[in-house]
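As a starting point, one isolated chain is supplied in structure tokens, in the form predicted on its own.
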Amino acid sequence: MALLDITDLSLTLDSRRLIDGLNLILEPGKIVGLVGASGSGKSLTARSIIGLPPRGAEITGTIMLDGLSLLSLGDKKLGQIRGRDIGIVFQDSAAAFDPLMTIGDHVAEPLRWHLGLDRKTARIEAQRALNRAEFPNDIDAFSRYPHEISGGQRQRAMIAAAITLSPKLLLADEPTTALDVTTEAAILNLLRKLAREDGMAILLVSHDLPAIATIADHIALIETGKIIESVGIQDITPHRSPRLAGLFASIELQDSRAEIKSGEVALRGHSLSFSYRDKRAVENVSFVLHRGECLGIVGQSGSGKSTLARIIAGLSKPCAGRIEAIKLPCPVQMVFQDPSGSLNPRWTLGQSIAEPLHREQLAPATRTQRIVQALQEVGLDASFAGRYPHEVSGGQAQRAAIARAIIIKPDIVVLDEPVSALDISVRSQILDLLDGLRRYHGLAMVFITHDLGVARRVADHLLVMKDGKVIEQGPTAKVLAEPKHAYTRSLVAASPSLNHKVFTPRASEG
């Protein structure tokens, strides 16, 4: 019997049909993966289930939870159901937590709100939920604030808060985005464990098809507000689900990248070290970067890879060692993970793209010409110069961020997780774009990523970092195919996009 039954759900906002006749069924103890590109309607569907659609939206159809019609309920009743019968895990754990509340108090809050437990009893029950979510025992959740723990630990705490009342349904909206592969695997395994042990139904919303495929019983592909394919994981075949099978095939082909010849040395790092207070974030790291080469840096959260990137970009100064640029000056530009956070929301894209030109005394016509040229090189037309960040998609915003980086024709571009929040098709477009820019400009690139599939796709040479040290390095294909260090082997084993068993139809459980 279905726990969640969505029938002919439609949502209209400002005369636009954003969800169109959507049907979805979820049974107890089962995990359904809802996948789709940015703007496809997957997160909007999840928000509609919990009664939090955009203001002014018109909704028709039915959403039944264990025989109860959710769309017919008022705000007060829905507020009682959220947290008690429906647990929610959001993508951005940092934004979901009140920075003035401890982690433990966040987990205890649903117990006090819904059950009226006193503070002491709520803390005891909250600790049990934290233990179930495998939150580290050596961290006192009731004395730590959100900014004092890692992203993976915050995500476990959010799961603990979501399951503390043993809800019937858990909605997980992009719960592993931007987490490293081992932390992602641990979070996904935890979700699967909850479904099997508690009979909890889980709707897992994500653009990360390989990750979903590791735990889902059923996958639904949504496009422009419609579910166009919905099949059991074991039925993903070109005949029964051509679109899903095609997406899986495109992921498997990520390692078939045309080789780009590298040239002379562009940059050397000599015994680089960097410390935050008493913690050594980078320790004795050396590397060589050639012109036209892409150097990939991978590792878990906290391994030091982003700190090393900041040193290379000149945003942080090493406390020991040195960076040697073979050619001077050696312009270095940086592209960040979140384009919406790195582009000024009050500036047009054209203004942001032109920002690196502030040192050049250019005539207005020449300045405009440079902006248009940069836009065209990243596949955007001139009209995008007048748009604001909120008026474009995530992929278009990232293209604009890349245009800003290349407008001064730098020798080196440092990219810190530039595609982790993008869906599969857009990610592939951005990676192809970067390959093209390397060929055209002879750029040297430093690419930071937690996704080993992406590293295989773009990087010629790979550094594997752990606890601030480079523990393994070499040609990317060789490092990933024949990892020598146990840590590297664990990263490869935990990476859905490298584990080809994921793409083989598997028998459903139970």
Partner chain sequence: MNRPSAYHRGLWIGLAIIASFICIALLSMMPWMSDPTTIRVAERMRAPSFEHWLGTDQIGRDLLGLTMRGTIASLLVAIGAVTIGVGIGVPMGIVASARENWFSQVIMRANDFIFAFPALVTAILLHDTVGSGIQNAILAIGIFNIPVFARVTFNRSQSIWTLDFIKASRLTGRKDLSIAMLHVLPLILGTIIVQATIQLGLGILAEAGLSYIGLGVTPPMPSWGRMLNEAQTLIGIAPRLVLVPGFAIVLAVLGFTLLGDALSEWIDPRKGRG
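Predicted model only: the values in this text are computed from it and were never measured. Positions refer to the first chain, counted from 1.
As for the form predicted in complex with the partner chain, it is not shown, yet the points below apply to it.
Participant: Heavy atoms, 4.5 Å, the partner chain in the predicted bound form: which of 187-195, 205-213, 151-159, 333-341 makes the cut? Say which one.
Facilitator: That would be stretch 333-341.
Participant: Just checking whether residue 404 would be counted as a contact of the partner chain in the predicted bound form - the rule being heavy atoms within 4.5 angstroms.
Facilitator: Yes, residue 404 lies within 4.5 Å of the partner chain in the predicted bound form.
Participant: Would you check, heavy atoms only and a 4.5 Å threshold, whether residue 245 touches the partner chain in the predicted bound form?
Facilitator: Answer no; every heavy atom of residue 245 is more than 4.5 Å from the partner chain in the predicted bound form.
Participant: Is residue 136 one of the residues lying within 4.5 Å of the partner chain in the predicted bound form, judged by heavy atom distances?
Facilitator: Output for residue 136 is no: heavy atoms all beyond 4.5 Å of the partner chain.
Participant: I'd like to know whether residue 302 contacts the partner chain in the predicted bound form, with contact meaning heavy atoms within 4.5 angstroms.
Facilitator: Residue-level check for residue 302: no, no contact with the partner chain.
Participant: May I ask you to choose, among 321, 79, 356, 292, the residue with a heavy atom within 4.5 Å of the partner chain in the predicted bound form?
Facilitator: Only one listed residue qualifies here, and that residue is 356.
Participant: Can you pick out, from 113, 347, 142, 287, the residue that has a heavy atom within 4.5 Å of the partner chain in the predicted bound form?
Facilitator: For this set of options, the contacting one is 347.
Participant: Note that the partner chain is not shown here; using its position in the predicted bound form, name the residues of 137-171 with a heavy atom within 4.5 Å of it, in sequence order.
Facilitator: The stretch does not touch the partner at all.
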